[in-house]
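This document opens with one chain alone, in structure tokens, the form predicted alone.
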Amino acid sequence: MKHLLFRFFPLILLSACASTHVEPFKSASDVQNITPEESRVWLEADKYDMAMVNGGNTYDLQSANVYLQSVMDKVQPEFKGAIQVRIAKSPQLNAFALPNGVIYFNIGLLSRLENEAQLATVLAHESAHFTQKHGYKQRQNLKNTSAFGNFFSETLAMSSTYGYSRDLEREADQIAFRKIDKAGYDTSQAGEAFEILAEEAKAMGEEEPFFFSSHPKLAERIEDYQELNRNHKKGGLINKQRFDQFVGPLRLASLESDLSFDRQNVVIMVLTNEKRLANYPPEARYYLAEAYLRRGEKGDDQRAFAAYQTTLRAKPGFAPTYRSLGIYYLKKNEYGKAESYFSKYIQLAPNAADVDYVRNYVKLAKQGGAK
């Protein structure tokens, strides 16, 4: 039912969003002069934001948060201090802006991007929804309808989670293009970002990733940026190395999140693509091995073992590999090998939360070997 609602709700929004004139923000100083009705909208967004943070749904890695905020401030310098970026723990390919200027960027989407120019494009697009008051416009257009019923959160409806009309999305794209161009980024990377996601959507057998389930179709988005780039000067900042420096740890967190949501097919699809795999730290193959074991198809056991061994060679100090190989050999009744790997895990991660469980595994391995 939830999936049906997710697909149905965008159609409601597209039909409901008639043109409403609302004066956009021009700078951070305008944010201090919102109307009483806008203040009520902001209060609702503040409550939603607080619930997200207090509920442990945000990723608290200071270096990454500071980095994303610095890119945001670079593309929207007039709104420095008025727009805040948060990293959400969700593996879904999604980003959205609340009407109060808080932008949520899921680690799932962040991990798929390749460089800072692509990141800047998404941030510029989402921040444009805020500066142009698209959420408030949406609220104005929907408040006299019964579109929500009892099924939907009005706060989410005022964000870009479920998408806007084609005209509002096109406006956000045009503003984003101008912003990243003025900030000195390579505008050709804007289209590249959407092409990466279109490739993933095709590989996963889905029409569109979640982020675009209610945005204009990916093909249209790519065409829009190609049109904007036509006859435009080439070159500009890409900043792949800087992007990888701060996003690398989040990529691993995204893989963990995928597995926690039983999205092992996503992990396999991403990490068996050599071009994608090159963007991940060497221990990423550990998560590929875990995904194979969870999928459990014919030959996955051998594939998992090969991925574990590759991880050991590439990252010998990565403790989880030893724990998993210990369990692997314990199940095969190869107790000597199991004990050896478990002991190595305890040596590398003596303060791990599961170290007592692993010590019990060591006892089981010793008992099995004594029989």
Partner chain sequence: MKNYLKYYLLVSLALLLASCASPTWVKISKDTRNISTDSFKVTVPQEWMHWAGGQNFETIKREKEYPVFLRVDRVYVTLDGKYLEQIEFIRYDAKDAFPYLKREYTSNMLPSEAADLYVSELKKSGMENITVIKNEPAMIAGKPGFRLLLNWKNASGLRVDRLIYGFGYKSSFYLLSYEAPNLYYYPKHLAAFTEAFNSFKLVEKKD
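Positions refer to the first chain, counted from 1. These figures come from a predicted structure and were not determined experimentally.
Not pictured, yet referred to below: the form predicted in complex with its partner chain.
Just one listed stretch, out of 121-129, 166-174, 261-269, 227-235, contacts its partner chain in the predicted complex at the 4.5 Å heavy atom level, and that stretch is 261-269. The candidate spot formed by 27, 244 and 248 lies out of contact with its partner chain in the predicted complex, as no residue has a heavy atom within 4.5 Å of it. When its partner chain is considered in the predicted complex, residue 294 lines it closely, a heavy atom lying within 4.5 Å. When contacts are judged by a 4.5 Å heavy atom cut-off, residue 316 does not count as touching its partner chain in the predicted complex. Interface residue remark: residue 302 is not counted as part of the site for its partner chain in the predicted complex, having no heavy atom within 4.5 Å. Proximity of residue 330 to its partner chain in the predicted complex falls within the 4.5 Å heavy atom cutoff. Scanning 62, 54, 32, 39 against its partner chain in the predicted complex with a 4.5 Å heavy atom cut-off leaves one residue, 54. Contacts with its partner chain in the predicted complex, taken as any heavy atom within 4.5 Å, map within 336-355 to 353, 354.
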